[in-house]
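The chain below stands alone, shown as structure tokens; this is the form predicted alone.
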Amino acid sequence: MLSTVAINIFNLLKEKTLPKVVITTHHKPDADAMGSSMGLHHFLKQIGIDSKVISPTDFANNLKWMPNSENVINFEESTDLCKAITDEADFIFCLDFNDLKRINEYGEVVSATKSIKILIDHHQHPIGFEDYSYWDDKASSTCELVYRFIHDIGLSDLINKSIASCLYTGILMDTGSFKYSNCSGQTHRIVAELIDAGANHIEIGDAVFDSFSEDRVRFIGYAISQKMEVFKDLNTALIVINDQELLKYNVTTGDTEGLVNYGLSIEGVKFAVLIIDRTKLVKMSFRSKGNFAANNFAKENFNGGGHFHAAGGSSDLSLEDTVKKFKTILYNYKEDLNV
């Protein structure tokens, strides 16, 4: 039972005098990653425990309104500081990822410590690096799980506006504004509690959806109008972005978030794919509808995985060769895509 796990973790925290706690999440953290990390950070503060939030990389500007986010430490920018903090940690909370590879080089640092590692996550197939696992792949988001963790230890009355706002944001984004199949009745009940606790859904919606740069808006328009290819016989939409296009539109972290979903909004499309040349690697995002498993496609072909309808992958081939490989492989799934 997850409630038992939560209580055991809480008891360990209480047993330690002034515990040193690190909270971390996956590289290029999205709203669920940052929302769960900052939400947990503010909750620990409520119970008198100081924590440091370390991100493997930078994160999107439209998430920097979250209270205290200016104190998040970027591992890439402050490597030595992060190593020192992590080496001294008694507990490391690992949020919204299930494999230390998802935190890049910082994963080696975390793995080498003697700290107690606590996983809070909703992704499928965790590899089991943690000491304690508060995990449920049926949960809408890691933010939902952080709320449930707080509830399970009987301290939901301590959820203030800062905690509620962070957790609401992650649930909002990971459920596709409450329209994905992972959004349950329980999810809506949790959201109601968060709004009652102070999350202002109007202000949060404006912050995450309506605060982008002009370059980002023009980039999205360009990607949809000039770069989208639709394979009607395969019910698939594909967008490919090269490194020069990223430079032309000054694309920064978070600017491509949600772009893959536009392909899925086309009538008849069951599978949408975004392929981006990130120089070191070609990164891929997969979204699906119905009974087509995006995570299986990613795992079988592009070193990836994720959720049934939302997954990611990568390729060490060139962008051109990756696209060629994708188009060739795609026809192997024609029957599944036409069911």
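Just so it is clear, the model here is predicted, and its values are computed rather than measured. A residue's number is simply how far along the shown sequence it sits, counting from 1.
Not pictured, yet referred to below: the form predicted together with a small molecule.
Novice: At the 4.5 Å heavy atom threshold, is residue 49 in contact with the small molecule in the predicted bound form?
Specialist: Taking the distances in the predicted bound form, the answer for residue 49 is no, it never comes within 4.5 Å of the small molecule.
Novice: Residue 83 versus the small molecule, in the predicted bound form: is there a non-hydrogen atom within 4.5 Å?
Specialist: Output for residue 83 is no: heavy atoms all beyond 4.5 Å of the small molecule.
Novice: Heavy atoms within 4.5 Å of the small molecule in the predicted bound form: does residue 310 have any?
Specialist: Although the small molecule is absent here, residue 310 would touch it in the predicted bound form, with heavy atoms inside 4.5 Å.
Novice: Considering non-hydrogen atoms and a 4.5 Å limit, does the small molecule approach residue 285 in the predicted bound form?
Specialist: Yes - in the predicted bound form, heavy atoms of residue 285 and the small molecule come within 4.5 Å of each other.
Novice: For the chain shown here without its partner, which stretch in 36 to 44, 51 to 59, 64 to 72, 277 to 285 has non-hydrogen atoms within 4.5 angstroms of the small molecule in the predicted bound form?
Specialist: The contacting stretch is 277 to 285.
Novice: Tell me, out of 227, 151, 102, 216, which residue has a non-hydrogen atom within 4.5 angstroms of the small molecule in the predicted bound form.
Specialist: When the small molecule is considered in the predicted bound form, the option within 4.5 Å is 102.
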